[in-house]
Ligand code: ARG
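Shown below, as C-alpha cells, is a lone chain in the form predicted on its own; questions about how it binds or moves come after it.
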C-alpha cells in the first residue's frame, strides 16, 4: 500500500495509521487527512508533518494534545526512525534506505506512469481555456490561460480523467461591428494579405482613438454587428475572412507551444441555439424585459446584478452564448466537471452564469468551476488591446529563442540541433515563467525574469535534466535494477533529501489537480533540481565508493525520469543536451 508521500509499506500507510489513532469523527475522511501532510519548511521539524488543527475540531481538543496522542500511541513501521509532537504538528522522520527500497523500484518499474492513478477513470472533465479573440494578436495575456489549461489537462489525464480541451474562440460579438467599420474606413487589402493580424489590430486601435472625437462611430459599429447577426451577406463574408486569417495565425502559435484542443467551438458556434434558449427562459418566467428594453434574468442573489441576455436592439451577448455552451457541453460530454480557465476579472460573470444555470433547474451547475488567475501586467500597467499596449507573444518567444541561441553559441558551439534546442528552451522559458507563479497572483512582465537562465526558471530545470542525461552517458552501462544495487548505502543527507522528494511526487500531482494549480508541479521540480545540484556537488557518484555507485546511479536515473515526467506535465520539453 502506498502512503500519500509515495512510501509503500506492507502494513497500512503511515498516514492512515495516524488517522485511526486520532479517532476521527465523521467530518474528515482518512484519505482527506492523509492529504493534509506537508513538508516542513524548517530543519529539525521532520521530513513530513501532519498539522492537527482540523483534527482538533473533530476531536474537540487542542491541536498540541492531538499531536501528542498520535505520537505517544504510534506504532512506527520500518520506514520511520522517529516521531515527535511539535507545536500542534505530528512530525515524522524516515529511514533513507527503507524509503529507497520502496520508492526507487516503483519509479524504475512505472517509468512515465509514476504518480499516475485511476481515480478519474470513467469521468470526463471539460476545460475551457485560451479563447483568444478573432482578428486580434495572440498576446501574453492569452498565453496564461493557454498554458495553465494545457498543464492542467495533462495533470488530470495523469490521474485517469478523460479531458475535453475546448477553445471557446471569441469569434462573435460587437467587436466585429467595430472591425467591419474600421476596415471599411481605413483597411488595406495589401496589408491584410501580407500582415493580416497586425493590420486588423492597428485599425482596431485606431477605431477607439477616433471614437473619442467621433462618438457616432460606436453607433455605426453596433448597427453593423446587428446586420451581421441578421445574416447580411457582405458582413458575413468579411467576418468569415477575418476568422479564417486568425485561425491560421492561432494554429501556428499553438504548434510552437505544443498545444492542441479537442474542440474549437467558439461563440459563433452557438448562434442558432440562442433564440430557442431565450424563448425557454421567457417561458420559464426567468427572463424579463427591463425598462430600457433589454432582456435580463435575475440570478437570485441579492448582492449580484441581473444577467443581461439581449440588448434593446436585439443583439445577444457572450453571457447568452455561455449559457448555450454550458447546455451543449453537458449534453455532449456528460462532464464530471466543467472548468473555465479565465482571468479573475470575469469572476462576477461566472458567479452569475452558474447561478442562472441553477435557477434553470440544472443540478450539474454545481460541477462548474471558475479556475481564475491574476492579471498579466507590463511595467505594472494592465495590458489592453483597445489601447494598443499589448505584448505580442511572438516577440516574447522570439527574444527568448534568440538569447538561448546566443548562450549555446558561447558555451556549447558544437551542440547538435542547436536551433531546435534553442527553440524548445526559449519556449520553455516563457511557459515556465507563467506557471511558476501561483495562478491567482498577478504576473508582472519583466524581460530580465522571463529570459533569465539562472535561478528558479524553466531553462534551469531543462538544464538539470540534460545534466542527468549526461551523467547516465558517462556511466556508460545499463542502469542498475533495484536487485543489482545495495539501496541501503543511500544514507547521506543529500541522498535522503532526494529520496523524500521523489516519494512526495505522487501527492504533488494530486494536490495540483485538486487545487487546479500547476505551480505545485513547478515548485516540486525546482526543489528536486536544487537538491540534485547539492547531491552532485557533495557526493562522488561515479568515482566514489564502488559499492555505492550502482545505487546512486539508480537514484539519479529515477530523478531523471521524474524530471521528464514533470516537464511534460508543465508543457515543457526535456532536452538531453544543452
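Numbering follows the first chain given and starts at 1. Please read all numbers here as calculations on a predicted model, not as lab measurements.
There is another form of this protein, the form predicted in complex with the named molecule, and it is not shown here; the text below is about that form.
Relative to the named molecule in the predicted bound form, residues 133, 142 and 318 are all within 4.5 Å by at least one heavy atom.
The named molecule in the predicted bound form comes within 4.5 Å of no heavy atom belonging to residue 196.
In the predicted bound form, at least one heavy atom of residue 168 sits within 4.5 Å of a heavy atom of the named molecule.
For the chain shown alone, residue 340 is a contact residue for the named molecule in the predicted bound form, at least one non-hydrogen atom being within 4.5 angstroms. In the predicted bound form, none of the heavy atoms of residue 282 sits within 4.5 Å of a heavy atom of the named molecule.
Note on the interface: of 155 to 163, 345 to 353, 250 to 258, 403 to 411, the segment with non-hydrogen atoms within 4.5 angstroms of the named molecule in the predicted bound form is 345 to 353. Out of the listed residues 224, 322, 504, 495, 322 is the one that sits within 4.5 Å of the named molecule in the predicted bound form by at least one heavy atom.
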